[in-house]
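Encoded as structure tokens, the following chain is the form predicted on its own, with no partner shown.
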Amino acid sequence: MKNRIRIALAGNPNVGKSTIFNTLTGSRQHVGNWPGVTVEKKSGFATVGNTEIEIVDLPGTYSLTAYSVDEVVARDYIIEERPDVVIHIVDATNFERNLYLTTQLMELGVPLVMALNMSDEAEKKGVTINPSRVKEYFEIPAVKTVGSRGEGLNELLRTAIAEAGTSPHHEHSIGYGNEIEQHIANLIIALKTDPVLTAHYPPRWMAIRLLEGDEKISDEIRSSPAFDAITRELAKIDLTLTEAAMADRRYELIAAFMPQVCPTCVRGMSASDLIDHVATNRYLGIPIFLALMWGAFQLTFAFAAPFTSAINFAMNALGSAVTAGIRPEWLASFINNGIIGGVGTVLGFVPNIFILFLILAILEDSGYLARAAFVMDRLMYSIGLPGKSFIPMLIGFGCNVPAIMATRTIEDRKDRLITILINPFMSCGARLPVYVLFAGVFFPHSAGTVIFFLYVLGIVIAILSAKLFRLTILPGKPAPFLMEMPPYRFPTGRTSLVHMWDRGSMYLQKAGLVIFGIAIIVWGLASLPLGVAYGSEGSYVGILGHVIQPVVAPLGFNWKITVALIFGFMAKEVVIGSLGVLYGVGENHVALGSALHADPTLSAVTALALLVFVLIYVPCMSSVAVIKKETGSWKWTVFSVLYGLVIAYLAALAVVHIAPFFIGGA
């Protein structure tokens, strides 16, 4: 008669867990979903001697803190289904990083075996892990494996079968210091007053999870007779500080064991470590990030200027030739102000956008932007924004559409929804043409600083909005941010140029289709009804502007600015094209700048209020469409649009009243 045991495979993402699972089970596997969630469930069978083994492949996860669906699925299976043994698959080339999950698996009190996978690659790098020392210090049998070639897998299964017959013996391996251990002991006493609860969950593990603020475990005890005693004990504790102290203790344990278990893993500080010591410093990290962003915008403005001037000169010459050589006049106006004006609007700001994307690509390829996400996580987490949100926020500097789609990597629904709602405040490349024009005209000596201010303001509004949403409509605790830091490297010119082109071409594609079409629509509205002066107050576009202008009059916007903002709902680049049509200068950005500067209804204060309004209100109709798609809700889509409009209006109004104290009223 065959024996039968059940094994669960656990491990970080990308450690070769699926490869080992497929090699062990072959065609004897089943794929479905875990109950109640869309996370994939894989199970299969293997046979060793007279033992049949059911193998369950748990979702890859960096920890078991239950902040994500994958973490909840993995730990609930281990606790509730109680497999006979858990095989923890670690990447031997990144041994130390994988051990944090090991310490959490140990606390579950289940028989454990460690698979030192990719051991061949580790040895090529000079990393030698001693399996007998792992057994000695962690009380976990360890087996070297190469999952891709099946090496060590038979030994791994035999070791797991032997370990399955043992009792848990390492759940107390981590000591958290006298104060925390006393809290754990008090919580265990309280928990044991509910025998039903302690029969289902290990008491010490529950006490640890309560000290780390685990919401799922907190919900489990609400109906328990132990609830009052547990609540009194937790009221004595600062859970945030305790959670951090417990995480530090796990890392201290790992650091203490590493020289004995893997002497070759211990190394001195590398050049990358030295740079990180400064770049990710608690106090220096954010100022360094802001300084680099300020420098990026200053360089963008400085290097793009000659290219922009050349494009404007060429488009102006072409427009003049059309005006002089084509009749009737309405056709010349259509070609010059409509077609050439639309194309000129697209091309005139290509240098600024491509240079900014090139600088961001260099920062990304060097490995710095990953550090920027880590640095900003400390601030974002403290105000209720999940750390993972910073990656879509960075993408939003290019375009809000792919940035909103990138929120799919955020597991928690509330975290993901908050990130979607705040992403429109990230200043996408489409807004840059408006910034460049108005900052260059009204702030010629500090244009880069003004543009930098707008980008920072977008981040600030996003963060404050996230805090507001977290406290009101979407309460809860954000998930912690875990990501693997890429090494610092010198970016290659080819790679950075490819990244620049990928993002810049998105602007060109969108601009070519949308801006060109809107420019022609604006030309038509500015030319009709027949007989009125082009772009005058008597044209359809002038009538539209005058109807809506009283609403934005407190912001200092004239009817032409009002019309441009209306068409800016389609795409922010259209604002410039619309103004070119309305001021009768077409694609000539120099002439448009002169016309704006000469307009007595406009001032530096009005220009700054306009820039703030453009920053905050709806980025474009494409963004609205993708918000609807990603949230699956018209309610959240409409809320996003209306919230942006209200905040934009209030912020611009604040600029009108506050800015004169700093820049004067002229």
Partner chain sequence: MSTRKLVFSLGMGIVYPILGIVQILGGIVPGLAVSLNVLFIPADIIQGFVLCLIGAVFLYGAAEIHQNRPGAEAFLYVGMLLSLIFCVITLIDLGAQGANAVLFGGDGGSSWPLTQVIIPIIYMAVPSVIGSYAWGRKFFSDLTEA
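Everything quoted here is computed from the prediction, not taken from an experiment. Residue numbers count along the first chain shown, from 1.
Although not depicted, the form predicted in complex with the partner chain is the subject of the following passage.
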item	value
Answer range among 138-146, 450-458, 544-552, 279-287 for contact with the partner chain, defined in the predicted complex as heavy atoms within 4.5 Å	279-287
Distance check, R327 to the partner chain in the predicted complex, heavy atom within 4.5 Å	no
4.5 Å heavy atom contact, G175 to the partner chain in the predicted complex	no
4.5 Å heavy atom contact, Y540 and the partner chain in the predicted complex	no
G524, heavy atom within 4.5 angstroms of the partner chain in the predicted complex	no
Option touching the partner chain, based on a heavy atom within 4.5 Å in the predicted complex, out of F397, W205, F354, W294	W294
Listed residue that, although the partner chain is not shown, lies within 4.5 Å of it in the predicted complex (heavy atoms), from Y583, F469, Y488, F334	Y488
